[in-house]
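First, one chain by itself: the form predicted on its own, in structure tokens.
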Amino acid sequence: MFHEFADEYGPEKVVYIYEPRSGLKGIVVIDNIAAGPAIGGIRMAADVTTAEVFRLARAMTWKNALAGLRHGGGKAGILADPHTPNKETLIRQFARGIEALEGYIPGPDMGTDETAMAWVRDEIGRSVGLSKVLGGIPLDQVGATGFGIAICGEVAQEFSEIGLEGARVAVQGFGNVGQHAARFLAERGAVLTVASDLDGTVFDPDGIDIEELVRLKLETGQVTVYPRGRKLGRDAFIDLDCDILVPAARPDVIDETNAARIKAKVILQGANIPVTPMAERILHGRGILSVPDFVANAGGVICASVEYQGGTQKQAFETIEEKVRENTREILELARAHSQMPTEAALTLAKQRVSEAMAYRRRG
């Protein structure tokens, strides 16, 4: 089945895990381990597919290569509602199913968190994104990915007409990544005017109080309970005026059917693979600066790598700032010099680095 995806870079392994008594169905894709063991999150969603997990694993290969980490790319998926009452049972069984896959280091992703990673570590002795009491760096709690997005935004303003001071920000997916991205961008002078989640969209051109919205989302699970602003459908963010858009939810939310309607001048990809290849071309043709996911949202995996090597939260944030700033500038300078889309420039550089790492491996 995965012959559709296979190329000279991978995948190295595609593993299916099934436990009929509990109904556990899981997928693991170890894409490339030339630079070291694959690191990547466990996604929990009822509709996750092999194709999605492979695309996410490949994005991790590029992301880890660009960040200069001693890790390859991998990803996992559990086909279940993340709010299921037997979540712990499913995750523990899944962990036992991946115990022998020593080339894969699991971390949190959509539908899983530091608690889930504690269950995984308890079962097999390896995971990242652990809570502080277990000696980890809870990357979702500290906002590692969102911090990296804000650093990316700082650099992007040098390549766009949009500066962060006073910039109107739209966040699609007001979860762990989106909330922290909004906070860190606001610290740099931006204003959150659009927040979208599963229940709908809040739009307030005068600015949304981020801390109040975070509190309400934590209490109710919804953003539309926010007392001010207009309440719209969850996909309304596509048509709303903003300067910077942060897609921070599911894959492919920006595609060829809606890319022409985007109002933002800068897109900082907070989610993994949130923009389709065709949409990237449309956005580029419209003069919109779209910074690819494996550049913009690398903060999370950089934090996970620092944790895996025994580093501290302070070291993690210093490393995120250094690597994301350097990578964003290098990619955008290459794109400008060669009249390329940033995604093209990033892919070219990532492939060069992975190919070089592969050249050192024993053949046969």
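From a predicted model like this one, the values you see are computed outputs, not experimental measurements. A residue's number is simply how far along the shown sequence it sits, counting from 1.
Although it is not shown, the form predicted together with a small molecule is what the next lines describe.
Residues within 4.5 angstroms of the small molecule in the predicted complex, judged by any non-hydrogen atom, belong to 271 to 279 and to none of the other stretches in 116 to 124, 158 to 166, 207 to 215, 271 to 279. For Arg250, a non-hydrogen atom is located within 4.5 Å of the small molecule in the predicted complex, even though that partner is not displayed. Although the partner is absent here, Glu154 lies well away from the small molecule in the predicted complex, with no heavy atom inside 4.5 Å.
Although the partner is absent from this view, Thr224 stays clear of the small molecule in the predicted complex, with no non-hydrogen atom inside 4.5 angstroms. Although the partner is absent here, Asp140 is a contact residue: one of its heavy atoms lies within 4.5 angstroms of the small molecule in the predicted complex.
Proximity to the small molecule in the predicted complex, taken as a non-hydrogen atom within 4.5 angstroms, holds for one residue of Lys132, Arg234, Arg228, Lys263, which is Arg234.
This chain lacks the partner; the member of Asn297, Asn327, Asn32, Ser305 within 4.5 angstroms of the small molecule in the predicted complex by a non-hydrogen atom is Asn297. Taken together, the three residues Gly10, Arg58 and Ala80 all stay farther than 4.5 Å from the small molecule in the predicted complex, as judged by their closest heavy atom.
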